[in-house]
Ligand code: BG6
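This document opens with one chain alone, in structure tokens, the form predicted alone.
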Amino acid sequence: MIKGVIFDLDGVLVSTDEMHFAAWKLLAEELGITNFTKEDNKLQKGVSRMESLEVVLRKSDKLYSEAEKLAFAMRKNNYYIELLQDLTPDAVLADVIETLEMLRNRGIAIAVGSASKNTPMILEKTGLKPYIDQVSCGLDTTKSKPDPEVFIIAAEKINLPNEECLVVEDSAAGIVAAKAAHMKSLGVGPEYKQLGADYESLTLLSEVDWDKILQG
């Protein structure tokens, strides 16, 4: 039986994809990379900032030192943080709050498991913070998805064994991480069919068959 649900953040609870894309594209153009596209941006879904940077740098014929790469990643994050200042509750995806309230009323522990170090800020600005029991994010981890660390830490924070947790993800890396942690998984989003999750749904979160999933 499932007693805790761990949600990815971007693309599952909120939509900040356009902000991420805008920040990476700005950095890419500053580095002379003019062909960074939304297709490239899809490869950055669910992975760490440094791995996302490598997606950008693969389009360059220049080699950079680790120190330069760290500086680039910081620069991108600064652009992203600037964009986040305009984030509002409107960024919360449809039926998310209704779903979180339903789960809480059923006694289900709720956590966020995200690679983003900006997770606390995003939860605060979107008004989601009161609905979340615990957060595991890039501030807690040293490894990124598909490593299961972020979900294992989330389960520890809500005091549940991994086997009693469900991960809700929209990225293949996240689903692989959930399986590695021996957690059930629900794949959502436009590419839900390709994620390989235990359960999958393109519908709104509130329309998912939660009775079936929570019974495990």
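Just count from 1 along the sequence shown to find any residue number. All of these numbers come straight from a predicted model, not from anything done at the bench.
The same protein has a further form, the form predicted in complex with the named molecule, not shown here; the description that follows concerns it.
- Segments offered: 63 to 71, 28 to 36, 47 to 55, 149 to 157. Contacting the named molecule in the predicted bound form at heavy atom distances within 4.5 Å is 47 to 55.
- Shown alone here, K117 lies within 4.5 Å of the named molecule in the predicted bound form, counting heavy atoms only.
- Contact annotation for Q134: none of its heavy atoms lies within 4.5 Å of the named molecule in the predicted bound form.
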